[in-house]
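Before any questions on how it binds or moves, here is one chain, the form predicted alone, in structure tokens.
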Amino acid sequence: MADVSKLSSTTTAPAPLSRWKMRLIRRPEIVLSPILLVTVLGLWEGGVRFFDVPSYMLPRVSTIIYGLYQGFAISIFSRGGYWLNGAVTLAEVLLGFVIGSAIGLVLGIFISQIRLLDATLRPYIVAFQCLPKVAIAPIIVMWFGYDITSKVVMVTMLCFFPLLVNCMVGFRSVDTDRIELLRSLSATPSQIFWKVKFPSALPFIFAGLDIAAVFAIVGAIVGEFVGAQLGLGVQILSMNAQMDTAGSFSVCIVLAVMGLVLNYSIRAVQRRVLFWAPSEAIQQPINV
């Protein structure tokens, strides 16, 4: 009898290969994404070699990878390497992202709860968002200097509006039946806010954070283009002046990876916080 039970337990246990097959069936993008990347890079490399495209117009993938290696092979304290400049840009992105998202979240909560505040501030908020940030970037640099402060202000301005809009839409999309149910149970306004309104608005808030993360990278680079002493944007300008197209592409790869890491970090936190929400309903971004 013991041998039979032992045999049945070993036969019913799923094999490691079958678990991988089931995971690939549920998430085929695990294989499809690397295949797409390798295919595009292979066509790029082969096309540039076959048509003999000049390197200053479109460099080879192998040249870009070598430029990426050179940028990281330099000392971490070198002003010409990717380590120091990448750290400066990352600090600008994170500081501006946190400050801008916090301001947008707090202001969005207050505006969504007070109609008079919404009617009073909406024209000014829309007018502020309509200002081209590239055009006012030189003014910001003139006010705050060439150090990290001006770039943090730029990122804050770009991250502010997505959080504000998504937060306002999220709090106004709450099911009124849930609110009336809690009111019938003599719930206080703070209890209604924390138990119904805020959890219902979280999918919209995280969607706003996704958009703000992209804008944070753009804001930091725009600020560095206008005036900066260090940063990946400064390196792009320097490489463009030297006709180093491969180096510019390699810096863009670093920026893309930085944005992906920030985006996936937000998604990881989102999955932890919104474990109760359906996966297709978690991401509801509002176009800004």
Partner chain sequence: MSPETATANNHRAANDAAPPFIAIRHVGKTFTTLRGDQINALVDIDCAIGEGNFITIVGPSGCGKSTLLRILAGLIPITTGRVEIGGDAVTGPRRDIGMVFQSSILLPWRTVLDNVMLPAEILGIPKAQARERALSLLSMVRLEGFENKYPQELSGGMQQRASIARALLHDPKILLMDEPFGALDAMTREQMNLELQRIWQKSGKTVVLVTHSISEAVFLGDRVLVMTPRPGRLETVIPVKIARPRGLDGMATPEFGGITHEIRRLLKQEGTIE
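Numbering follows the first chain given and starts at 1. From a predicted model like this one, the values you see are computed outputs, not experimental measurements.
There is another form of this protein, the form predicted in complex with its partner chain, and it is not shown here; the text below is about that form.
- Among residues of the shown chain, residue 183 is one whose heavy atoms approach its partner chain to within 4.5 Å in the model of the complex.
- Among heavy atoms of residue 191, some come within 4.5 Å of its partner chain in the model of the complex.
- Remark: residue 149 does not count among the residues lining its partner chain in the model of the complex, judged by a heavy atom distance of 4.5 Å or less.
- Using a 4.5 Å cutoff between non-hydrogen atoms, residue 81 does not count as a contact of its partner chain in the model of the complex.
- Contact annotation: of the candidates 94, 74, 187, 107, the single residue with a non-hydrogen atom within 4.5 angstroms of its partner chain in the model of the complex is 187.
- Residue 196 is the only one of 87, 140, 196, 121 with a heavy atom lying within 4.5 Å of its partner chain in the model of the complex.
- Residues of just one listed stretch (213-221, 174-182, 129-137, 150-158) have heavy atoms within 4.5 Å of its partner chain in the model of the complex: 174-182.
- Within 4.5 angstroms of its partner chain in the model of the complex, the stretch 200-232 places a non-hydrogen atom from 200 alone.
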